[in-house]
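Shown next as structure tokens: one chain only, the form predicted alone.
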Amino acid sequence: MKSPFSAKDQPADTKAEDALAQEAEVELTRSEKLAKHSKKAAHHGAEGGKDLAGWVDTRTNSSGIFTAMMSRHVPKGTNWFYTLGSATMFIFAMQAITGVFLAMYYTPSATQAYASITHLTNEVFLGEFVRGLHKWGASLMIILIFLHMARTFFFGAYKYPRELNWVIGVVLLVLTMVMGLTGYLLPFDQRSFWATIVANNITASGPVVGPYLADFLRAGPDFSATTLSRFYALHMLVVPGLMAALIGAHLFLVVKLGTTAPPWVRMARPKHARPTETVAAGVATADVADVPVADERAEETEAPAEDESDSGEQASS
């Protein structure tokens, strides 16, 4: 209902009250907007980490990969033998971390390599501890990978459909041995020098590719300063990169194909498998009455023989 007075005819007091009411409404609207903005800011501040994790997850599907690796089916009878692969991968990660710290102080030079190792062991804080972890970790990794391969062989995990994973494991075993060979020369003392010469001569005695492989490792016909640089490059860059890529492929196939059960555990029949039927020897499942049992067949074959003998006796008489 419209007011009987126009805006010009309204009293001054009424106009003042309307102006105050309008200002109050404007202030209320501003306060509501500020409250909403503060709530949004608090919400985004609290949920910022989740939003970032969700943003990364939608683009990489990391949660699905993590779920597939950690929540996969484990067969019945799984025991501590199945942890050898994870233990080997853990030692490889430890070797990579300690190797990075050692490379910060190592000098791949024929004249300074031994001095840098001595400085690292005797003067650098925790240098001897880190070098010991790297040295003994190399031996432990070789032992663990041999045990893991033995478990895979004796449990029959190399059979269909896991043949490719077995081949990758064999290649990883060879690369682990190459890592040990190339790393043994890096201190460049008398023992490592002559031991590497012996190992390289054994490599040269191999058929066809042996001499070429030995020349490649030596970086020439004889051992020299270039040989140390060649071994350092292989030990720090080439072999670890190949091993990391193959370990990723190995884990992918393990998640995709699953884990085999121990040989002493009998696998359960699938739910939709056909029921087993026990059929007696000599009896057909379709026409039981028409096909005699094995004992009845024997009796039938013996009966004519008796009849023939009886007829023969009658004829002679």
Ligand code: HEM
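Start at 1 with the first residue shown and count on from there. Remember, it's a predicted structure, so these values are computed and weren't measured experimentally.
Heads up, the form predicted together with this ligand isn't pictured, but that's what we're talking about next.
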Thinking of this ligand in the model of the complex, which stretch from 144-152, 104-112, 230-238, 210-218 has heavy atoms inside 4.5 Å of it? 144-152
What is the one choice in V265, A68, L251, A53 with a heavy atom within 4.5 Å of this ligand in the model of the complex? L251
Within 4.5 Å of this ligand in the model of the complex, heavy atoms considered, which of L120, L181, V130, L172? L172
Is F193 one of the residues lying within 4.5 Å of this ligand in the model of the complex, judged by heavy atom distances? no
Contact of G99 with this ligand in the model of the complex (heavy atom, 4.5 Å): no
Any non-hydrogen atom of N165 within 4.5 angstroms of this ligand in the model of the complex: yes
So in the model of the complex, does any heavy atom of G85 sit within 4.5 Å of this ligand? yes
Check, residue by residue, if A138, M177 and P187 all come within 4.5 Å of this ligand in the model of the complex, counting heavy atoms only. no
Just to make sure I understand: among 232-263, which residues lie within 4.5 Å of this ligand in the model of the complex, judging by heavy atoms? M243, I247, H250, L251, V254, G258, T259, T260
